[in-house]
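Only one chain is given next, in structure tokens, and it is the form predicted alone.
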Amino acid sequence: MDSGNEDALDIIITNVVATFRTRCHLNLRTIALEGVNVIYKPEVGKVLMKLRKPKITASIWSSGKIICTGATSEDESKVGARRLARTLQKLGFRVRFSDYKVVNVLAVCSMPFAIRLIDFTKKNRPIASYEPELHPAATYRIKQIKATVQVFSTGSITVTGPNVQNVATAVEQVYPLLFECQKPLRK
């Protein structure tokens, strides 16, 4: 991130999605009746369970697969997933915490300048797309690290990737391209 700018960009992680398995069958009705902070959705075949600390929401299926969302770091996500497994153990299930994996990380970052989106997409045509009638942001996909960057004209960007390292790498890769397409400051 050179380009004459010594300030570091703050990448704020807003959501971490992780999955894990309990390696046992879960009775959703029992969880709904005996659990705390639980929403039972029988039409979908799942239970939503919320933890207050760390603040996560988990989708629980009877097969034992659980998806945790809402954490703000990979460590917080793992702690929340383990707490959830422990909560299910206390409800009487023979839960074993296994196959934990961070699936998706969503982060936001603000550039210190506004961006000309049309110029940005013209210069990066095969991997950048901008449809102002459909969405106000330009989409920039980086296939090597499986990251997607949504670039807004205000300089705000949203990055989605498989882990925190890939999100940071995506911001580092896209910064010089955005720097070239910055809007001149008005006087």
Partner chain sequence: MASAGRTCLQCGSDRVEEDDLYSEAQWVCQDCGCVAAEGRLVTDTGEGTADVRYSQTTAVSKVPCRNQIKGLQRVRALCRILRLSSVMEELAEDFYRRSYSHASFLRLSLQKKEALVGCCVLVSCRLRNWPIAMGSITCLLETDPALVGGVYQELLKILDVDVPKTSITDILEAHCREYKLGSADVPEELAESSKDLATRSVALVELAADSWIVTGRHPIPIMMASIFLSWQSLKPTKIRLKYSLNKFCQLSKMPMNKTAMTRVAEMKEVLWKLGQELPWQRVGEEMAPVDVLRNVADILQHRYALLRAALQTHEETLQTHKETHKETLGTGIQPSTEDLRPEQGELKSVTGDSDEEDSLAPAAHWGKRMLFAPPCVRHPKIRRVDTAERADVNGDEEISDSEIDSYIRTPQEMRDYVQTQNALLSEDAQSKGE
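Quick caveat: nothing in here was measured; it's all calculated off a predicted structure. Residue numbers count along the first chain shown, from 1.
We do not show the form predicted together with the partner chain, though everything after this point is about it.
- Proximity of Gln150 to the partner chain in the model of the complex falls outside the 4.5 Å heavy atom cutoff.
- The partner chain is not drawn, but in the model of the complex it has no heavy atom within 4.5 Å of Leu106.
- When contacts are judged by a 4.5 Å heavy atom cut-off, Val36 counts as touching the partner chain in the model of the complex.
- At least one heavy atom of Arg82 is located within 4.5 Å of the partner chain in the model of the complex.
- Residues Thr72, Asp75 and Pro112 are all found to lie within 4.5 Å of the partner chain in the model of the complex, as judged by heavy atom distances.
- Using a 4.5 Å cut-off on any heavy atom, the residues of 127-151 that reach the partner chain in the model of the complex are, in sequence order, Tyr130, Glu131, Pro132, Glu133, Leu134, Pro136.
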